[in-house]
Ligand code: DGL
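Quick setup: one chain, the form predicted alone, written in structure tokens, and binding and motion questions come after.
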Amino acid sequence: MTGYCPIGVFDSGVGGLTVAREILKRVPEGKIIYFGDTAHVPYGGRSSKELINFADKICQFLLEQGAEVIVDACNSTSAVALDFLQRKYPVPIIGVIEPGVAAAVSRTKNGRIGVIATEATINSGAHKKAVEKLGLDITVIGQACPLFVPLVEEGKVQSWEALEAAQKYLKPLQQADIDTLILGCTHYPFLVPVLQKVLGPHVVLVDPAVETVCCLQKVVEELPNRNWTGPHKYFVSGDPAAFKRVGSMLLETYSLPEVEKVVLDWGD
């Protein structure tokens, strides 16, 4: 493939930057068009109807910006809206649930996989359903972690609050003897040092962002040649200064360009 490929990426906030970071590493021909719905973050307590509406309006915006492929980097919307989005829109749309599950299934040794995610994702049962489709004798134990997204959005990824929350949320999974943990929210990879400290080195952490971008690479390779020379673009529905401050801190080696606020018509 020659030229550039505009890749739309969306999430409820800064969490999708874990996917953007992997794209920057692995898909050099990709030009990122990112949308963080910071006006509505967190998504975990939202209804399926709300999440589908948010994802729909964001995809419309990304397509208007020229996206040729879209990554739904939010587990909550991937769990409830992905099928709808894939039916409605003509471009490839990739979610984060199945890539993460596939990686976890390949790595577990005792067949006991934990999933930490938002309440919306856990309540959807999406990870369990994805495992069941594979027809394997594997147990999936889910744990909602509602405090994690706000902590990451505030940049408190190695704070005492994060450690305290991790100890509380991970205890049931430790008692269930998991040996593999899916980070079922793209915010959570920023908490890896704290999570690994609590769980110990014997539990494998699966970051779906890495697996999702592997899938994206294959899709991009099959797209027609592009000649899209614009810069990476980052948009938010809330405060762009706060997004850039926290996002730049979390990305460390990657600096964010200017972040633009856009107001979408969310409808009802």
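Counting begins at 1, following the sequence as shown. Remember, it's a predicted structure, so these values are computed and weren't measured experimentally.
A second form of this protein, the form predicted in complex with D-glutamic acid (DGL), is not displayed here; the remarks below concern that form.
K.L.:
Although the partner isn't part of this model, could you tell me whether Leu216 comes within 4.5 Å of D-glutamic acid (DGL) in the model of the complex, counting any heavy atom of the residue?
P.N.:
Although D-glutamic acid (DGL) is absent here, Leu216 would stay clear of it in the model of the complex, with no heavy atoms inside 4.5 Å.
K.L.:
Tell me, yes or no, whether Cys74 is in contact with D-glutamic acid (DGL) in the model of the complex, where a contact means a heavy atom of each within 4.5 Å.
P.N.:
Yes, contact at 4.5 Å.
K.L.:
Can you check whether Tyr43 is within 4.5 Å of D-glutamic acid (DGL) in the model of the complex, heavy atom basis?
P.N.:
Because a heavy atom of Tyr43 falls inside 4.5 Å of D-glutamic acid (DGL) in the model of the complex, the answer is yes.
K.L.:
Any chance Val152 has a heavy atom within 4.5 Å of D-glutamic acid (DGL) in the model of the complex?
P.N.:
It does not: once D-glutamic acid (DGL) is placed as it appears in the model of the complex, Val152 has no heavy atom within 4.5 Å of it.
K.L.:
If contact means a heavy atom within 4.5 Å, which one of 203-211, 58-66, 233-241, 43-51 is the stretch that engages D-glutamic acid (DGL) in the model of the complex?
P.N.:
So the stretch in question is 43-51.
K.L.:
Tell me, out of Cys185, Ala104, Ile178, Val115, which residue has a non-hydrogen atom within 4.5 angstroms of D-glutamic acid (DGL) in the model of the complex.
P.N.:
After the contact test, the surviving option is Cys185.
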